[in-house]
Structure formats: structure tokens, C-alpha cells
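Encoded as C-alpha cells, the following chain is the form predicted on its own, with no partner shown.
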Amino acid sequence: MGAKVWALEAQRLGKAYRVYRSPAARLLEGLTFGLHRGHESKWALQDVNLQIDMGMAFGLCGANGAGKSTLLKVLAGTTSATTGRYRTSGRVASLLELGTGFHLDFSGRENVRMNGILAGHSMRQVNRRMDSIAEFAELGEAFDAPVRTYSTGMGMRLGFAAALGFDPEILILDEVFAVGDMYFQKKCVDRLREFKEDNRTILFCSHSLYDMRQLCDEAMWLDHGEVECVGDSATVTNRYSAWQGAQMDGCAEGGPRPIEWPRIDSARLIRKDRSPARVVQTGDDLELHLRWRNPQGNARPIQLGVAFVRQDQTLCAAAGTHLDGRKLEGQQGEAVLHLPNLALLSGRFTVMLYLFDGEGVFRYEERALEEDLVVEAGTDEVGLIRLEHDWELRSAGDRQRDSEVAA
């Protein structure tokens, strides 16, 4: 039996950039053919090992400057590695930065044709797929307009459609959901699920831990170019989220921060009898208990938000203290969200918790309960939620008598 073939494999991968002290130092190094060293090596990646199976969605998380984008660029072939090696099995398509690889004076159609040919496809193959790419992008007449006239969201549509349009085996994405309208983001997520179900591989980088948990099977946390943690996406994102909380409190390595940030200390969803609410029935009475901390107290108001999101990322219900005219006061406290007669019908839901600023705009924290909520309706009702309703049935004779009385 031969060695296992991975969709993407990397061994001891590293990337260093040269940082010169001055332009003169660069010039002197060039004139001396490197005998006089005028630079220092800045390592963006060090000793990264990676094995991604076919049909897997793999996520990358980490703070800005952690090396995520550098790793993706190396694996996509847009920059070379300094140390180590990597191997891919199959055609690779990447969307690293919106608009990368597009000629601004060419139309969307011309850019798709050029990118397809550069990727090794024949003109006949490109032309055969052009209509489906244009249909997915939904740019209308703008598909034949210069790309320099596109908005950022339109550039995202074109880039995503072009990346997926030629059926790659491996798709590399870097923060592609940061822009664009909700409708097209949902369309992209659905297409990625289909892509994965077709036994194709996705390497996905995002600051949205929720997107990573929902889309990815496994994940890697990078910190200063080194691998901090690898495993299933829920475990890795939870560890990274906990580290972020420690950073905000100034408890992580590196010393205290000048500002201590608000945070959610704990959260649990329970029934009236105080037992954990994991599998519940439509109509049950539930309570969500949240403990929060706000070091600056009333000087920096905060708000709490809760959302119930179905597995297909449909927002089914939500509540927020700022939406109900309530305020969180003091430096710490507990909030209890009472949910009598739960209206959600059958399904599996992720319970998302948010800590906002006083206006409910900036998110200090975003996290999910460790376990999804499973709702069993036990009835023949359909839809997302149960409607409070009653039927009154009348015969034709009843309507005639009512008319006579009204007259």
C-alpha cells in the first residue's frame, strides 16, 4: 500500500522577509554581492506542518500579523517559501485579496477569460463556462464594463465567481466574506457547501470564528508565524477565543494592556428546573444566564445580544438589551434572558452571544455556546417558529345572520 495522498501537505514551511535598515544598506549589499549584509530576516512563518485531506474544509485563525495570509500566499503559489516544502494534489484556485489578478481597464468578462487561460484552460473551455460564471456573479451589464468601475462588493462577486468557475479541486480563500451584501454571502456559503460535498478541498481564513466553526472540519491557530494549536474547528476556535479574552484582560504573555475590555465570563442555557437545556421541546420554558464584566463600568456602557442561528446560517430569532431599552450598569453582573414558551420549531440551532458597545454597533465579544440547541417540535407544524394562533370557523348561515344583525 502506497503513502496516503493528501489534498494539501506542507512540511516545515517557513517564510522570511528581508528588512533593510536603509536604502543605502540595500544598495551596499547589492554592490558587494551579499558580502556586506545590510538586512535582517523577519520570519512571517516558521516550521508550519499541515496535512489536509480531500473533501475537507480547513480553517486558519489568528490575530493580525499571525502569518495567515502569508501561509495562504505560499500555498497558492503567489510567493515562495524560504524553508520547507509543500505539495498539492489537483487544480488550485485562490481568492486572496479582492481584485487581485484583475486588470482594472479590462471588463469582468475579459478578466475571467484572461485568468482562465493563465490557469491552463483552453479558450474553448473558458468560453463554455463563461455563461455560468456570469450568472453566478449576477453583475448584469456591468460584467462587460471595466473593473475599475466596480464597487468592492462587485469585485467580490467577480472574484468568487471566477475562482469557482473552473472547477478547482482545492480552493484557497482569505477573508472573502468581509464585504458584499448578505444575499451574496449566503449564496457563496451555499456554493462552498456544495463544493465540499463534491469531495473538494477548502482552505479558509477568517476573523469570523462563527463562520469557521460552521464551515470547517478542522482548523489551525497561528501566532507570530508559529502553530499554536491544530484540531477540530470547535476546539481550536474556542481556545483562540479564550486567548483573545486573556489578551483583553492583560493576562496573556506580553504584559497588561492599557485598556481592559468588557467580556462575557460565562453563559448557560437551562430549563426552569435548572437542568441544562440541550435537547428541548417547542413550548418549553428556558432561561439563558450570562455573567459579564465591564472594568470601566458606566463610563463605557455595554449591551448584550443573543441570536439563535440554524445550521444553514439562517437567523431565526434574536434579542438585545439595547433593543428593549435596557442598560447594563456597574462593573460586573448577571443577566437572565427569560424565554417562556419557546417558539422555535424542530431543528439544530447555534446560540450566539454578543457583547456590544452602548450603541449596539461595535462587538467587544462574539462567541457561541459550547453545545448547539436541539429543538424537537413533537407536532406537524412547519416553518421556523410556532405562531400563537387560534381558528374560528363559521358557516355560510352564520355570516348571513351577522349581516342581518349589523343591518
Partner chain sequence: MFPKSLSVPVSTGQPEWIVAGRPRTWQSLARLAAWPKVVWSRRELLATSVRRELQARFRGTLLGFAWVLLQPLVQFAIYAFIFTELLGLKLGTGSGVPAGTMGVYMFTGTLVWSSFADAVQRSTGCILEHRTLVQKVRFDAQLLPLQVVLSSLVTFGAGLIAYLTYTGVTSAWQFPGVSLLLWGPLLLGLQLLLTLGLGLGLSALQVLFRDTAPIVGVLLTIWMFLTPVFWIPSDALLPGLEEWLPLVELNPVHHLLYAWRELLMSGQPELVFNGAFYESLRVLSLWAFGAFVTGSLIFFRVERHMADEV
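Whichever C-alpha set is largest while still superposing within 1.5 Å between the two forms counts as the rigid core. Positions refer to the first chain, counted from 1. Source: prediction; values computed, not measured.
Separately, the form predicted together with the partner chain exists; it is not shown, and the next lines address it.
- prompt: Taking heavy atoms only, is residue 94 within 4.5 angstroms of the partner chain in the predicted complex?
  reply: Because a heavy atom of residue 94 falls inside 4.5 Å of the partner chain in the predicted complex, the answer is yes.
message: Is it the case that residue 136, even though its partner is missing from this view, gets within 4.5 Å of the partner chain in the predicted complex, heavy atoms only?
response: Residue 136: contacts the partner chain in the predicted complex.
task: Answer with yes or no whether residue 26 is in contact with the partner chain in the predicted complex, where contact means some heavy atom within 4.5 Å.
output: It does: once the partner chain is placed as it appears in the predicted complex, residue 26 has a heavy atom within 4.5 Å of it.
- prompt: Taking 4.5 angstroms as the cut-off for heavy atoms, does residue 121 touch the partner chain in the predicted complex?
  reply: Yes - in the predicted complex, heavy atoms of residue 121 and the partner chain come within 4.5 Å of each other.
message: Since the partner isn't included here, can you check whether the partner chain sits close to all of 271, 352 and 362 in the predicted complex (heavy atom within 4.5 Å for each)?
response: No, because 271, 352 and 362 lack any heavy atom that approaches the partner chain to within 4.5 Å in the predicted complex.
message: Within 4.5 Å, heavy atoms only, which of 311, 132, 266, 331 is in contact with the partner chain in the predicted complex?
response: In short, 132.
- prompt: Though the partner chain is not shown, can you say which of 242, 117, 323, 279 has a heavy atom within 4.5 Å of it in the predicted complex?
  reply: Here the answer is residue option 117.
query: Which of 211-219, 194-202, 302-310, 224-232 has heavy atoms within 4.5 Å of the partner chain in the predicted complex?
result: It is 194-202 that comes within 4.5 Å of the partner.
message: Residue by residue through 148-169, which ones have a non-hydrogen atom no more than 4.5 angstroms from the partner chain in the predicted complex?
response: 161, 164, 165, 167, 169, in sequence order.
- prompt: Against the rigid core, is the Cα displacement of residue 11 between the shown form and the other one at least 2 Å?
  reply: Where the cores coincide, residue 11 shows only a C-alpha shift between the shown form and the other one that is less than 2 Å.
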